[in-house]
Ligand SMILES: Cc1cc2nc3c(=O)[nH]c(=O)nc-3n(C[C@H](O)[C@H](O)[C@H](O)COP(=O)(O)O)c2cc1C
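Read the single chain below, which is given as structure tokens and is the form predicted alone.
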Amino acid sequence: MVWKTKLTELLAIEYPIIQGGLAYLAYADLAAAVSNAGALGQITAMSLEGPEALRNQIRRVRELTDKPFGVNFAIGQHGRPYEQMVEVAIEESVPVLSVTGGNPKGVIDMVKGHEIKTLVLVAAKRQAQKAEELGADAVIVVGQEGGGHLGRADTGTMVLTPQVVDSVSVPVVASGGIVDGRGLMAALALGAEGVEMGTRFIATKECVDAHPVYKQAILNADEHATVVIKRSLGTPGRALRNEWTDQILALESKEVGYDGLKSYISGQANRNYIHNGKIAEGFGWAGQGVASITSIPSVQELMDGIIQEAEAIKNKWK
């Protein structure tokens, strides 16, 4: 079966699947493995120490694959300047850039005139329309099921995706709670041109920076195993529930503000869990799709399984 959607044509990929940015995890080994398997792998830029580290990651991906790949820019509320990092991506002729967590205008303006496709993560219809107005080539719409940072509303992927599809003319990619071929086919039925998956790619062999404790926690999780933190700051994000996130929620109920929360929600606290497996000293992002993740395959094995499942669903209704 040949997979052909507006997304596969736009990005020159075989399957309409994108690997999410995955702060502190999405580096060359994972990105290249995803691209080699026919999807779009991505490097996370703003988790790197600086422009030259990004350049090295980009060149490392190119050593491992000749397929298209992307660089994700998470320009969050407390993020550092991103302009030099974008300049490196332009200099290295990266084929795709994605923007999450902030106003995408600066990144989109920088890459205009270059042969670079831009994807923007949105969590509302109006955000999608604005991204299209700014010149985004596609939008990725994330519902409340997703892991990591989400929109402020509680709208789910199933409801949000068709709303966005009906409101823009650029390709729409569905994200949030999607981990398998069933999710891919559901997204296509809703009018999306493809899917983005984040949490599912953490539980793979090539996600080498994710500690085994983190991966095992994903395997052990059920549909009740995640919570949304940071709502009180206006930057909600979904993580695996543990004592650390319980402490965060307790502090939020006391309205301690950013200063009272910063040591609990820091990048260091995140890395304590995901890199070092210190469950009692940090947190790990994860979406509600963890309930359907039961194995740690290679990326190629994962992709093969997703496509086989999706094709079996399609053939069932011929």
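One-based numbering along the sequence shown. Note that the structure is predicted; figures quoted are calculated from it, not measured.
Beyond the structure shown, there is the form predicted together with the named molecule, which is absent from this document and is the topic of what follows.
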item	value
Contact stretch among 106-114, 223-231, 158-166, 190-198 - heavy atom within 4.5 Å of the named molecule in the predicted bound form	190-198
All of Gly41, Thr204 and Met303 within 4.5 Å of the named molecule in the predicted bound form, heavy atom check	no
Non-hydrogen atom contact Val94 with the named molecule in the predicted bound form at 4.5 angstroms	no
The named molecule contact at Trp244 in the predicted bound form, heavy atom, 4.5 Å	no
4.5 Å heavy atom contact, Ala131 and the named molecule in the predicted bound form	no
Close approach of Ile13 to the named molecule in the predicted bound form, 4.5 Å, heavy atom	no
Those residues of 156-186 which, in the predicted bound form, come within 4.5 Å of the named molecule by heavy atom	Ser175, Gly176, Gly177, Ile178
